[in-house]
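Just the one chain here, the form predicted alone, laid out as structure tokens.
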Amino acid sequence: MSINIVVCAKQVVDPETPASAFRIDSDAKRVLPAAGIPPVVNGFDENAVEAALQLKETVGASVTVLSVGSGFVMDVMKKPLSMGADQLVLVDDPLVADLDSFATARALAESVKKLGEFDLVLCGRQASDWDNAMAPLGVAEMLGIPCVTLAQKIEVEDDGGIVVQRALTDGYEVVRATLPALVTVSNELGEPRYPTLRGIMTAGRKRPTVWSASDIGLRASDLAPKLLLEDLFVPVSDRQCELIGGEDDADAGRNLALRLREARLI
């Protein structure tokens, strides 16, 4: 048995970017790329790639990585190929840059449809830039397929179904779904594999398929945001610290109690 797997992956700002290098364009309400710090593939999406590659090894699969956005760094987006994915498809168009969750889901769903037959769509549980975790749910709804979230293990059965272990705060639960289906993958699945030298060389020779928004049948009006971003800012911490001492620990304790009483905190 062999299945067709589509993995949705997003290029994001490196979450390890130092706070000193983090900048926001307040007028445009967007995060500015940090100088000298390249973007990365969203970490949870790498978990989804790992899940796809594990299925490829156990049941046989064709793994296509799909991404929607603009300004892709090819060395970054080719990482799933160097891990072992078979194909990379990029919807690279200014129209699909900085979309909200609904428009992102619309673009991904239309792209999956254009790819043709598929059995399983895998997504990271959420993206590290906005942490919304809504786009995969929208993709499943628009494709009209079952959605299982927070997978830590995925198995494909001979009869065309999947069994998924869902990570919970106090353990896990096991659910079954029929294919085609969409599954979001959590980091409980395990660390993604490192690209091998052979994989890196193979990825270097592969050219991604690049589509525009019009190639997937979308216009600007189709991608109008459903969410309104009111403001985007870095929180300002304006705390004051007062050190209360004394001749000894007991005296300092009394002074602290008096100060708290003056502030009407006790």
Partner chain sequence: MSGILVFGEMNPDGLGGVTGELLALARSLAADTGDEVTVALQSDSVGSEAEEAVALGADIVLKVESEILAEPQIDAHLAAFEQVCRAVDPGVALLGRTPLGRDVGPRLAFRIGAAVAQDCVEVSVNPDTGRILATRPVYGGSAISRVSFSGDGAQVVIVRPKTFEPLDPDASRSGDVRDFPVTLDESAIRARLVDTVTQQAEGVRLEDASIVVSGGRGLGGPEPFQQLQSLSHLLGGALGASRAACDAGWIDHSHQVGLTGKTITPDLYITIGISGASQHMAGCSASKNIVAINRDEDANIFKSATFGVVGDWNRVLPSFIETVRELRDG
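Positions refer to the first chain, counted from 1. All values reported here derive from a predicted model rather than from experimental measurement. What we label the rigid core is the largest C-alpha set whose atoms superpose within 1.5 Å from one form to the other.
What follows is about the form predicted together with its partner chain, which we do not show.
*Asks:* Indicate whether its partner chain has at least one heavy atom within 4.5 Å of a heavy atom of D158 in the predicted bound form.
*Replies:* No, D158 is distant from the partner.
*Asks:* Verify the contact flag for G138: yes if a non-hydrogen atom of it lies within 4.5 Å of a non-hydrogen atom of its partner chain in the predicted bound form, no if not.
*Replies:* Taking the distances in the predicted bound form, the answer for G138 is yes, it comes within 4.5 Å of its partner chain.
*Asks:* Examine P235 and determine whether its closest non-hydrogen atom to its partner chain in the predicted bound form is within 4.5 angstroms.
*Replies:* Answer yes; at least one heavy atom of P235 falls within 4.5 Å of its partner chain in the predicted bound form.
*Asks:* Does K153 make contact with its partner chain in the predicted bound form, using a 4.5 Å heavy atom cut-off?
*Replies:* Result no; K153 lies far from its partner chain in the predicted bound form.
*Asks:* Counting only non-hydrogen atoms, choose the one of 111-119, 81-89, 95-103, 68-76 that falls within 4.5 Å of its partner chain in the predicted bound form.
*Replies:* Single hit among the candidates: 95-103.
*Asks:* Going by heavy atoms, what in 125-158 lies within 4.5 angstroms of its partner chain in the predicted bound form?
*Replies:* Residues within 4.5 Å: R125, Q126, S128, D129, W130, D131, N132, A133, M134, L137, G138, E141, M142, G144, I145, P146, C147, V148, T149, L150.
*Asks:* Is D251 one of the residues whose C-alpha moves 2 Å or more between the shown form and the other one after the core fit?
*Replies:* Yes, D251 moves 2 Å or more.
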